[in-house]
Every structure is written in structure tokens, then in C-alpha cells.
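One chain comes next, on its own, written as C-alpha cells: the form predicted on its own.
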Amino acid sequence: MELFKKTLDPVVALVIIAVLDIFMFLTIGAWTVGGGETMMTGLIAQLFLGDELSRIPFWELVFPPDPGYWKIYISLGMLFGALVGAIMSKEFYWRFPRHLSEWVMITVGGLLMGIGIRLAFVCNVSTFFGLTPEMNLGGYLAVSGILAGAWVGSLVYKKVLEG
């Protein structure tokens, strides 16, 4: 399909994202990817641990697993849309890290991102598209931390890969 092969003008794309973001905020509230992913993690953990999961205060008091949590479906829809877009543009392919060190860095980086999301109670998407446009100081602090973390992470990644 030609629509998926052609790159949108960044200004047009940002306007579309802004309009959709406003529409979503007005109809269902703020969207955070981290909430849906956290809930999916809780549901998977509950599948393996059963009632033992309720012994962990976070899953008992803060985020009790609930398959009806709407943000799960927003996250899955985003994943599905990205998959369809990649397939339609013929840019979809599987890519795996070739070295053990890359797997370790990906795992550690993912864990650090997850810990950061839980500590901040937001995710990077909601920080960029929610808190920062609201002129929220927390959004600017989070963006500063994300940028610093990305910079340090890229230095570590480069150093490990270059041996």
C-alpha cells in the first residue's frame, strides 16, 4: 500500500498525533503505555504465581491484576498498529542481538526502564505527550532523566560493543 511506503511530513504527523491525543484525553483520559504493560506483567505473574502474587504489596495494594484494565488494550492496539504498518510497508523483519553482551544490556536496560516507570508512576510516552505540554515540572525532570539515561546508556553500549 502506498500510504505505508510514503513518509509523512513531520509537521503533519505531529498535528495528527496532537489531535488524536486531545481526543483521547477528552474521551477516556490520559494514556500511559506503562500502565498497560505493568498490568500485563501482573497478569502474567499471576498466571505463574497464582495467589502467591498477592503477598507482594505492589500487586495487592497499588496494581492488583485486572484483565479488564483498559490501558492493556490501548497498548496491544498500539503494538498491533505498528505491526500492521511495518508489514504493509514491507519493512517488517525479525532482528535478534548477536552477542550475549547485547542480550545482557537489553535486559538490564529494560529492567532499569521498568523500575523508572514504577518509581515515577508515568511512562516516557505520557511524559512527552502529557506532562511536558502541560508545563509540569515533573515532566521536564523526567525528560531530563530520560535524556541523561539515554546518553549514559549509549556510552556504555558503545564501550561494550567496541570491547
Partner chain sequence: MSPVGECITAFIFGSVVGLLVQRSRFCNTAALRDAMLFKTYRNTKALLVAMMILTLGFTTFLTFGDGKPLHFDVGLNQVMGLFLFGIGMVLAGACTVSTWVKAGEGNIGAVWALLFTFIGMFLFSLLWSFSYWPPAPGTMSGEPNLAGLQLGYANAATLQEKTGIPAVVFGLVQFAVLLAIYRAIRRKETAAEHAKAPAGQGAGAASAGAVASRND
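What you see is a predicted model; the values in this text were computed from it and never measured. Residue numbers count along the first chain shown, from 1. Between two forms, the rigid core is the largest collection of C-alphas that superpose within 1.5 Å.
The discussion below concerns the form predicted together with the partner chain, not included here.
The partner chain contact in the predicted complex: P64, any heavy atom under 4.5 Å: Heavy-atom contact with the partner chain at 4.5 Å: absent for P64.
Partner proximity in the predicted complex: D51 to the partner chain, non-hydrogen atom cutoff 4.5 Å: Outside the cut-off, so no.
I44: touches the partner chain in the predicted complex, heavy atom cutoff 4.5 angstroms: I44 belongs to the contact set for the partner chain.
Stretch 93-112: residues contacting the partner chain in the predicted complex, 4.5 Å heavy atom cut-off: Heavy-atom contacts to the partner chain in the predicted complex: Y93, W94, R95, F96, P97, W103, M105, I106, T107, V108, G109, G110, L111, L112.
Core-superposed comparison between the shown form and the other one, P64 Cα displacement 2 Å or beyond: After core superposition, the displacement of the P64 C-alpha between the shown form and the other one stays below 2 Å, so no.
After fitting the core, L20 CA displacement of 2 Å or more between the shown form and the other one: No, the C-alpha moves less than 2 Å.
G114 C-alpha relocation of at least 2 Å between the shown form and the other one, rigid core basis: No, the C-alpha position differs by under 2 Å between the shown form and the other one.
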